[in-house]
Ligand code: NAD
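Take a look at this one chain, the form predicted on its own, written out in structure tokens.
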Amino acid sequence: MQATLTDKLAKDTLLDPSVWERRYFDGAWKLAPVTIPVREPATGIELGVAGGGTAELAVELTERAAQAQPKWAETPPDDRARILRQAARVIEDNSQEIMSWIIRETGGVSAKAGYEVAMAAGELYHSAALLTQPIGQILPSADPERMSLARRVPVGVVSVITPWNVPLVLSMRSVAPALALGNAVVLKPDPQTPICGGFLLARIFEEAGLPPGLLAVLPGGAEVGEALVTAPVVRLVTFTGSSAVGRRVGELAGRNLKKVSLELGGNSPMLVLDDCDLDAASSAGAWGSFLHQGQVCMATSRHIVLRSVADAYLQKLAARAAALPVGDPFRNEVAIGPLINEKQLKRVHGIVTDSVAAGADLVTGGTHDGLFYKPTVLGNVAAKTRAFQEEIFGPVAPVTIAEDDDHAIELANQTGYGLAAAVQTGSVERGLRVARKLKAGMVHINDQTIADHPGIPMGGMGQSGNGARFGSTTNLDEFTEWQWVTVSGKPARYPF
């Protein structure tokens, strides 16, 4: 298996490095002013050298996109939808190669890579289906001879800034609906995953026949991101990342009177009530905390457990954590791969050690071999500790004891984040009663906190976002603007 996948990466395939190495994309592949080494976190092996950009080039790309966008907006919806469906087929036809790159570039296990492939294709199909929906409405008119209507029009140029953890999905979630609805896009993937978060989308849409100029891909750092937020022709900025950086993006966008969609960090609680199935709850809790090494914004970051079942739940969760194999996900069958980089490793380990020093119990884990951090369970985690208050973004499951349902709800709502939450209970009625009081954009009863689908309103509250939502149910709101139009058969006459 290993040799086959390695051979595929070296051949003339969708992501043949000879196409993208040292280049950026603006409808054609051009030599870049900056280069970015692409490394496999599990081994440190260099997978290639991506092209990157400067702030000046970023602004230039937005201006080129603005020139191409009007013609695309006038393209018949059926033609736009056809290209998006073809892009989905490109993903499906190249799924194994794409999964190989996701595993190697992000350090994710094969199940996570498979999820990304399926979700990205789903985003394209759902975005194509947007074009079957009404794009306006007839409004009441005071003058029966005058028609009054409202219609949705593209915003124009959209800047998309995405992170490294689930790069294909988090880029496609904005790029697909933006293009479907007649916009042009400039995409800045994180420099740690420029292939899966950026150049992969360029190749997919290139193969699908997207006209040149409508999608540009420029990896880069903060200076490129800020340029894409403040560029004069950009009307909408979509940003997925940390709450700290999201505040800066929101500040810059607001100062320049732009629309902004912020999908930010999370510290998502799972409430374990005393009437639940503890085997199922501990399984859900382990999956929610340890999938992709916990490097997921919706990860189950706090396990809030009623006291009467806390010991039993902690024992079951720790046993599951200790049994998970850790290693290189490209070359071995493992459940836990590497953290993305040394900085993230130090941060995760610092949160664990500080929380233990503050009184938490280290039940299992808490050690690492290079970037491979063992699944860790902390017991007796107080609300004041870092493991409770901060987004860990690592394979750590903090368990906090609650005295009753109301205390569990109070603890769940204490951090200011509001992305996702879950409730484990034997009573649907009890679960719904608790769920109604949780401050979270998404709540799951008898499941864990990581759940997604192209057709749902994805987004959070509080420090987890600005109330914007991604998904086929809400993309019309995000990627278009309203225009009021009146029509009269006779010219209006006035006393002046």
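Note that the coordinates shown come from a computational prediction; the quantities given were computed from them, not determined experimentally. Residue indices: 1-based, along the sequence shown.
Keep in mind the form predicted in complex with the ligand is missing from the figure; the text below concerns it.
- Note that among 243-251, 82-90, 201-209, 305-313, the stretch whose heavy atoms approach the ligand to within 4.5 Å in the predicted complex is 243-251.
- Although the partner is absent here, Met458 is a contact residue: one of its heavy atoms lies within 4.5 angstroms of the ligand in the predicted complex.
- Not displayed here, the ligand is kept clear of His292 by more than 4.5 Å at the level of heavy atoms in the predicted complex.
- At a distance threshold of 4.5 angstroms between non-hydrogen atoms, Glu105 is out of contact with the ligand in the predicted complex.
- Put simply, Pro232 is far from the ligand in the predicted complex: not one heavy atom of it is within 4.5 Å.
- In summary, among the residues Glu410, Glu226, Asp354, Glu403, the only one with a non-hydrogen atom within 4.5 Å of the ligand in the predicted complex is Glu226.
- The partner is absent here; in the predicted complex, the one residue of Met270, Ile195, Leu264, Ala286 having a heavy atom within 4.5 Å of the ligand is Leu264.
- Within 4.5 angstroms of the ligand in the predicted complex, the stretch 364-386 places no non-hydrogen atom at all.
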